[in-house]
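The same protein chain appears twice below, in two forms, each given on its own as structure tokens and labelled structure 1 and structure 2.
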Structure 1
């Protein structure tokens, strides 16, 4: 079996199962543990999946595509985008950055909505081509392959000229005390900048990101205007979050 073939199969497996252990892969592909690990490292370098201790999980954009193929498979995103849509007013300027949730939200926006979307996420720009009345402004800068967004001082500079009404922040972790954080330092700077040029900021997060703590803090929970989850606002998981001034939807 060819190396490329194996790697292809790993990606296919991931796009259906979202996650695999290296042991599983070794048995499935009938090669040693070491070989699959090396494959996974290579694939991670190419930004096609994320390696975790003991296995690998699907890269957001790939899994997004896969789950769309399966139709309504992942309902959590559906619930979140319904709620988030209520925050969007016609003729407003919306700032959106990277992340699966934002991608899904953008796709689900009503076709007749007339807004301007400013983004550093090329995937979002192309996805919004389906919405004839939405104007898309792409932020320039160095393209950061791993997270498929533009980043860096050029992107920051571009933001100077923007005054957005609402910022949909993609985020990796939300914690009642520790605030919002992500895995990438440069990205955390950018997100702070984006907050500063937006009148209001909203974070749309799936359940698994609640109560986690990632490496680079973006802001406190109090700095956020809205928090959108798939849970009911009175759900006990969210109890601690109500102590802040953030409005929970």
Structure 2
């Protein structure tokens, strides 16, 4: 069985059972515990489930592709996308990196929008192929399979030639005191570089990433210009975030 087939079956299992152990998945898929564990880690990194001790539980969100495959509507991404689009002006240069939310946003951009999108995410670049007026610049570098992005010194060098108007940062956690963080060290350095070549930085964040802490810090909350969520800006979940300078949409 191919990896993609295994991962689709894992998502289908979670869509009905909501929680499953790695042992159960190994028996279901007839593969080793380590193989299942790697699949679950990869799916969590893509935002499709949440890994817990000895197993996995269903997320309240799925990527656009997974939602289509499982027939699940997703309103949270839709709300975030509509808010984020208001920040994008015609003829601007937009920097977008990896992440499910960024991929969804790219797919939903208006077809008549005239902008340049710079990205290290090949899948996001491909999604924009259907937007005739959007120019796409794909950053070079080593392709990091687990996160489906380019990384490394070549990616950093390519960014030296960019002056972006807006940077949409994919992120794993946002905390009022601990700031924004992700799970991979080298990528955290790349995100800091992307911030440095951009006039303003935006984080589009689903609710489950709020008030969480991940391993590798990218920046403080005050370094962010816009925080976009599906919640109303006055929602109590966002109360502590209002103590920073970030504009909450």
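Heads up, when I say rigid core I mean the largest set of C-alphas that superpose within 1.5 Å between the two forms. Residue numbers count along the first chain shown, from 1. The structure presented is a predicted model; accordingly, all values stated were derived computationally and were not measured.
- In this comparison, the chain shown as structure 1 is the form predicted in complex with the DNA.
- If you fit the rigid core between structures 1 and 2, you'll see the Cα of residue 183 move by less than 2 angstroms.
- Once both forms are fitted on their rigid core, the CA atom of residue 232 lies less than 2 Å apart between structures 1 and 2.
- The two forms, fitted on the rigid core, differ between structures 1 and 2 by less than 2 Å at the CA of residue 243.
- On rigid-core superposition between structures 1 and 2, the C-alpha of residue 41 is found to move 8.3 angstrom.
- Once the two forms are overlaid on the core, residue 20 shows a Cα shift of 3.5 Å between structures 1 and 2.
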